[in-house]
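Read the single chain below, which is given as C-alpha cells and is the form predicted alone.
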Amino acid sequence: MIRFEHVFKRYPERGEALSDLSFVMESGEMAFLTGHSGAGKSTLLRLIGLLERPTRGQVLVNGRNLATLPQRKIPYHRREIGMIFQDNRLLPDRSVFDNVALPLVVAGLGYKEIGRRVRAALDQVGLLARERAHPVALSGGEQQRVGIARAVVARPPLVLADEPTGNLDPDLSREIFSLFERFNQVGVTLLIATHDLNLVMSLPYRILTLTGGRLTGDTGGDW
C-alpha cells in the first residue's frame, strides 16, 4: 500500500524535514506516526497525498511511483485518499451534509447516490441527526467527526489523519480512535499522526517514531 525508499525532503528555508526515510505499510494496516513537533510527521503525510514531492528517494502508493505521476493524474490519486486534519477545515457557511458531500460532488456522483453515501457516513460517526446543522453549532468533537465522515464518504482505501485529536480531551480522543478502529476492521488502511502517546501505547497497533526527520522507531516493520 505505502512504500518509502530512502526519502529525503528538504525545504530551502528550513533545511531537511525528512532524511533517508524507508518503511513499508501493507494494505489493511493501521499505524500511528509519533514524534516531537517538527519531527516531520505532517511532511510525511503530505508526500503521500502529493501535496509535496520528495527531494530524493521514492514514495510508492498502491504500486504507483508518485515521483513519476503526471500532474493531470494527481486529482485521481487524491480521490483514493481520505484526509483528516486537526483543524477540521469545514466550510462554515455550509451544512454538515454539504461539508461531507463535497468529495462526492467533486467526483461527479448523482444526487441520490450522494444522499445515500453522506447519510451512511454520518450514521457511522453518530451524527445523522445533525446533517442540517452548521459547523458553528457543533462541539469540537462533533466537528472532528464531521471531518472524519467527509474523509471516508468516498470509501477511499487509504485514510491519513494529521493530529486528529490534538484539540480534544482524552475521552473524545478515545472515541475518535475507536472510529478509526471500526474503519480498519472493514479493510481501510490508516496512518495517523499524533502526539497522544499515552493512548497510542495502550492500543495494539504499529508505531512509527520520527526524530528530527529520521525514523528512529518502528514496532512493526522490517526496515
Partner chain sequence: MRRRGPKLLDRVGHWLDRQLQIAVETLGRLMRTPLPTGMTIAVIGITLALPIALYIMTDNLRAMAGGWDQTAAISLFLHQDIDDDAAQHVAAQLRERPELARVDLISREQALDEFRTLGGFAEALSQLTSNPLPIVLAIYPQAAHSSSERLEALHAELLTWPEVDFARMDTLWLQRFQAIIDLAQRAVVLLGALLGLGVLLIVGNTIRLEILNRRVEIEIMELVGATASFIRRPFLYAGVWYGLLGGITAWILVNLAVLLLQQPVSRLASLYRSEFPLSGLGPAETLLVLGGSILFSLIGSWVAVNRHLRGAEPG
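Residue numbers count along the first chain shown, from 1. Just so we're clear, the structure is a prediction, and the values are computed from it rather than from any experiment.
The following text describes the form predicted together with its partner chain, which does not appear among the structures shown.
Tell me, out of L168, A67, L50, L179, which residue has a non-hydrogen atom within 4.5 angstroms of its partner chain in the predicted complex. None of the others qualify; the residue that does is L50.
Does its partner chain, in the predicted complex, lie within 4.5 angstroms of each residue among Q71, F85 and P103, using heavy atoms as the measure? All three within 4.5 Å in the predicted complex.
Residues in which of 168-176, 190-198, 51-59, 28-36 have heavy atoms within 4.5 Å of its partner chain in the predicted complex? That would be stretch 51-59.
Non-hydrogen atom contact A137 with its partner chain in the predicted complex at 4.5 angstroms: No, A137 is distant from the partner.
Can any non-hydrogen atom of P75 be found within 4.5 angstroms of its partner chain in the predicted complex? P75: yes, in contact with its partner chain in the predicted complex.
Are any of the heavy atoms in A129 no more than 4.5 Å from a heavy atom of its partner chain in the predicted complex? Result no; A129 lies far from its partner chain in the predicted complex.
4.5 angstroms heavy atom contact with its partner chain in the predicted complex for R94: Close contact exists here: in the predicted complex, R94 approaches its partner chain to within 4.5 Å, heavy atoms only.
If we check its partner chain in the predicted complex, which of the residues in 108-137 reach within 4.5 angstroms of it by a non-hydrogen atom? G108, Y111 sit within 4.5 Å of the partner.
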